[in-house]
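Next comes just one chain, in structure tokens: the form predicted on its own.
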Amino acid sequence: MIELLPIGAIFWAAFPFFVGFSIYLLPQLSRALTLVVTFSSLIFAGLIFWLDSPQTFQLLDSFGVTLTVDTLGGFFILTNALVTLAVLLYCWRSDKVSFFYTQLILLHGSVNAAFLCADFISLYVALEVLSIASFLLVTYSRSPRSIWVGLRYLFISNTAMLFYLVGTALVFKATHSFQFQGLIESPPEATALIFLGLLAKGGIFVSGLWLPQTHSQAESPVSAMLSGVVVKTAVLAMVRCALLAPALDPVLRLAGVATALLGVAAGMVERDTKRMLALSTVSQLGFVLAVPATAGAYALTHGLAKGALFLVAGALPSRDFKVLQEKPIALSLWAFGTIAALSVSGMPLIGGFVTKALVSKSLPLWQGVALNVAAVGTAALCAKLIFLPHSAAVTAPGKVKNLLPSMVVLLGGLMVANGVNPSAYSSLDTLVKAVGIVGGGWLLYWIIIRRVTLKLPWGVERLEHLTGTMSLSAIAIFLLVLYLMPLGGVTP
């Protein structure tokens, strides 16, 4: 049955695109067809875990399309399937037209294709299709603001991909191959340019400062997709490269620590709920990069929790924390958000705890200290939602009815995710540390953050500053790669 994986991967990668374009012929079946595509992804992810037989295969020749099917990618594929299913259920009774579901399917398919790619050109194609579908979803409301934010996202994305393409050309010049393994024998500037493109695409550190505004301006279901799965496409590619070339591991670890600290620092003074969640995503991507071998499990629990939080944020009566702190919200809405926020914080009994414990086991001292500081900051950010006033007497908004099936999928998935690392519950030190970090974050919230009125100057998010930041980042990454690698390429 192992031979089914290559055939299944080819069929499954093409299936969403075939169905997506078919919706234009059968618009009345748009929801049902989207559901079929989502369940096909769930089945394929289950097949990957069941067979547990990593395979890399080529569709054409040594210069053609290379795909990798393994459990690492399986976690990311499962994340995409569950978050897309939750978004579909949330929108099921809405007035979304078939165009929305078409773009949702195409986004879903291009994300999964990116999770399978093991060569730089195929990955480039998948990321570009992903960008177009994301742009059309971000601008779905057709408001002037959403159109500008969408165009800004598209411009930044395309600029990042230009750096990436130059790096890809240098890899081909050195190795006559586009495969990820070619990075081992390529010059440092190739690695620097490719990683710059992927860092910007994934919303990592200063190269990803486009992310807060884009995610906050999109409709909540779209924000859930962007934050839950889309940014992880570039992250998985970097993780795969680091696993193939261990010399790249320090680059990812440094990027992970920097983005984890930057995200929580900026999020602490953010008053807008969706911007705070977007900055939290920037920070959490640092934990995904921290240990490449555990990236899949952490991406799964983060994607489920963050998808739930963005859907909850869309149902809140206001996006301003100052307003929310003055008037109670519905108990059911608070409960959904609290469970997801506790998972992101790493509280025991929820999936986020076991994956944080999995990451912590493989950290050197310097990285462990930095990420523990970031974890305390994460708990403080989540405290903003956990400690919102709530009351059973408050009438739940109509959107809560749409939330219920989505929360069953996402929060239920977080509970099942405890099985990823059950050994975390056998260590008393791990349990005490997790509770202590969450408690420290809550204390930080009540003593300092709740009283802070500082507003950061976000001029750095302007378009011209973002492009300049990418150029400076390229120089910094090149110097780092040059320091860590020999001139002839990456030592395997």
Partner chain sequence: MIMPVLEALVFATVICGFFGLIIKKSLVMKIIAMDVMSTGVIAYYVLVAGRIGLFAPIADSPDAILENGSYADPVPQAVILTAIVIGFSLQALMLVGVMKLARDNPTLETDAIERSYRP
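Please read all numbers here as calculations on a predicted model, not as lab measurements. Numbering follows the first chain given and starts at 1.
Unshown form predicted together with its partner chain; subsequent notes refer to it.
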>> Please determine whether residue 210 contacts its partner chain in the model of the complex, using a 4.5 Å cut-off between heavy atoms.
In response: no
> Using 4.5 Å between non-hydrogen atoms, is residue 322 touching its partner chain in the model of the complex?
Replying inline: no
> Does residue 94 make contact with its partner chain in the model of the complex, using a 4.5 Å heavy atom cut-off?
Replying inline: no
> Any chance residue 179 has a heavy atom within 4.5 Å of its partner chain in the model of the complex?
Replying inline: no
> Is every one of 98, 101 and 412 within 4.5 Å of its partner chain in the model of the complex, counting heavy atoms?
Replying inline: no
> Of the residues 253, 152, 384, 274, which one places a heavy atom within 4.5 Å of its partner chain in the model of the complex?
Replying inline: 152
> Looking at 462, 31, 450, 433, which has any heavy atom no more than 4.5 Å from its partner chain in the model of the complex?
Replying inline: 462
> Only one of 83-91, 375-383, 328-336, 125-133 gets a heavy atom within 4.5 Å of its partner chain in the model of the complex; which is it?
Replying inline: 125-133
> Which residues within 159-182 place at least one heavy atom within 4.5 Å of its partner chain in the model of the complex?
Replying inline: 159, 162, 163, 165, 166, 168, 169, 170, 172, 173, 176, 178
